[in-house]
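So this first bit is one chain, no partners, the form predicted on its own, shown in structure tokens.
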């Protein structure tokens, strides 16, 4: 019988993760950003991007694949355009370095773009966009990853899981936020299913021979994921490659080779964020219209709005602490 999960205060978990990142090669500033990001995912029940990811971060840092002390270089390109060279480091610190400038530009011009390249992204994408909605802004972000998805009609993988995240303010409540992979399932969820010995639903992936499989281990062992919705998900994944890599100057999902860095897990790609200030056109009315849309969705039978589960888990974690399994807690203590 497994030991019961531990309930950890959020601040304590952030502190522990920050110590792990520092010990394994990150600067204090980078460690702080990554720790808050990872702890937030765990707090909100997004376990495939929570502390489950820490061993992958550690092995990647040890491999020399990513620069844990990189200092992003921010360029003010145009009135509505910011570019950041992440220096071979993580994308979240690059976003943090450019965030104030991006917001100022969005409030001035009504819309602004942030293009991050030479970066690694290994986390959930919604924490990158939700804070903008908290400030009354609309945010959309895309990031590509490593090759692991077979385009519709193809025989071999080419795209990454290539998620899209969106956040918008909503009057009288939490913002509307969603974060979805363009693959049929997130890669982290496949890894968790394999670890638990669980089968996946039909249509998630193929084995190394290209045959449909429900076995997550077969997908991970030379197999590949499928896009959601056939040609529709495949087209969106292609769009993410173009926006996150071609437009930013980052690598496509198939353009980097980490074979000389055993233990590397983080894709070396790019990220694009688009931030819009709705107040310039609609004032406070946009958030009220968001609320009206949510009300109408509930009226026709929608029982769970996008992001609602995360906000529910967040409230529970605030009351009871962030849930971490006993095994995960022991592993974190050892890494720290």
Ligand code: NDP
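Computed from a predicted structure; not experimentally measured. Numbering follows the first chain given and starts at 1.
Another form exists, predicted together with this ligand; not displayed. Remarks below refer to it.
A.B. asks: Only one of 98-106, 131-139, 185-193, 208-216 gets a heavy atom within 4.5 Å of this ligand in the predicted complex; which is it?
C.D. replies: Stretch with heavy atoms near the partner: 185-193.
A.B. asks: Report yes if any heavy atom of residue 43 sits within 4.5 Å of a heavy atom of this ligand in the predicted complex; otherwise report no.
C.D. replies: Outside the cut-off, so no.
A.B. asks: Is there a heavy atom of residue 163 no more than 4.5 Å from a heavy atom of this ligand in the predicted complex?
C.D. replies: So residue 163 counts as contacting this ligand.
A.B. asks: Consider residue 48 of the chain shown here, and say whether it contacts this ligand in the predicted complex, taking contact as heavy atoms within 4.5 Å.
C.D. replies: Within the cut-off, so yes.
A.B. asks: So, in the predicted complex, is residue 74 in contact with this ligand at a 4.5 angstroms heavy atom limit?
C.D. replies: Because no heavy atom of residue 74 falls inside 4.5 Å of this ligand in the predicted complex, the answer is no.
A.B. asks: Looking at 168, 82, 125, 226, which is the one with a non-hydrogen atom within 4.5 Å of this ligand in the predicted complex?
C.D. replies: Selected option: 125.
A.B. asks: State the residue from 274, 308, 67, 294 whose non-hydrogen atoms include one within 4.5 Å of this ligand in the predicted complex.
C.D. replies: Going through each option in turn, the one that passes is 308.
A.B. asks: Though the partner is not shown here, which residues of 164-193 have a heavy atom within 4.5 Å of this ligand in the predicted complex?
C.D. replies: Read in sequence order, the residues that approach this ligand (within 4.5 Å, in the predicted complex) are 177, 178, 179, 180, 181, 186, 189.
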